[in-house]
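Take a look at this one chain, the form predicted on its own, written out in C-alpha cells.
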C-alpha cells in the first residue's frame, strides 16, 4: 500500500485507539453533568436577577448575574474534566502559563476589567442615567466589565471602553432630582439692566418647566463697549431639563421683541486682505 492510502488508514486507527481507551461510563456521566449543569446555572442566575430587580441597582443586578454565570460555568467545566480523568494540577499549571501570556497580549482588556471593577464599587452612574463623556451625551444602556454602552440622543449606540471613562471627565446629568440650565443672554449696552433682569425673572416665573425654588440665578457677567452679557440660570426637574432647554431661548426672543429689548447683532469682520488677481 502506498503512502497516499496509508495516511487515512493510520488516522482512522489513531481515532479508534482513542475510542478504545475512553471510559464510556465517565463520558456519559460528564455529558449528563453538562446537559443538566449549564441550564441550571442560567436558570439560577435568572432567578437571582429577578429577586434583585427591585432591591439593587440595575448595574449591581447585571454584575451578580454575570458572576453567577461565570463562576457556575467554571465549576461545571472543572467537574466535567475531573470526571473524564483530566489531572486538575496539570490543567491549573497550564492555565497559569496561558494567563501570563494573555496578560501581556491583552493589557488593554485587563485595564478595562480593572477599571470596570472600580466603577462597580464607586458607582459614578447606573443603567438608565444620562451621562456626558468626552462631550458625548446619552443614556447608559449597559455597564460591562470591558466597556459602557450608551444610547445617544439620535438613537445610535456608543461603546466607551472603561479605561477611557477612567481618564475622561464624566458628568452624570440625571444623578440629582433637579438641575440648572445656564444660558448667556446678550443685550445692547444702553439697555436698562434692571429692567432686562426683571423681564428675565418674569420669563422664568411663567415657564411651565421652571422651579420657584431654588431661585432663578440672574447676574451681570461681562460689561463690554457694545453689549452686556447676563448669566441666566433657571432651575428645573431633571426630567424636564431638555424640554426647558428647547423652549426657553424662543421665549426670551419673543418677550424681548415684545418689550423692545434689543439683542446686538454679531459683528462679522470684513476681509481686508489683498484682492485676488484676475
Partner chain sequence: MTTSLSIFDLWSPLEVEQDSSVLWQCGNLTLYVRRLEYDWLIASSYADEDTDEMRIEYDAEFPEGLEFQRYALNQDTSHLRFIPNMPRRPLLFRPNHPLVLPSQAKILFYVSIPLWITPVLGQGADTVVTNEIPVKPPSDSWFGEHTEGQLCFALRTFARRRLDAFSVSPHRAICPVLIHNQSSLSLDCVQVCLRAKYLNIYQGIQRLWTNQVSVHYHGTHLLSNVSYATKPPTQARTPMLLTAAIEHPPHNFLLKTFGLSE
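This structure is a prediction, so every number in the text was calculated from the model and none was measured. Positions refer to the first chain, counted from 1.
Omitted here: the form predicted in complex with the partner chain. The next part is about that form.
- request: Please run the contact check for residue 118 against the partner chain in the predicted bound form: heavy atoms, 4.5 angstroms, yes or no?
  value: Contact with the partner chain, no.
query: Are any of the heavy atoms in residue 113 no more than 4.5 Å from a heavy atom of the partner chain in the predicted bound form?
result: Looking in the predicted bound form, residue contacts with the partner chain do not include residue 113, since no heavy atom lies within 4.5 Å.
message: Within 4.5 Å, heavy atoms only: does residue 214 come near the partner chain in the predicted bound form?
response: Heavy-atom contact with the partner chain at 4.5 Å: present for residue 214.
field: 4.5 Å heavy atom contact, residue 235 and the partner chain in the predicted bound form
entry: Residue 235: contacts the partner chain in the predicted bound form.
- request: Quick one: find which of 147 to 155, 190 to 198, 176 to 184, 76 to 84 has residues within 4.5 Å of the partner chain in the predicted bound form by heavy atom distance.
  value: It is 176 to 184 that comes within 4.5 Å of the partner.
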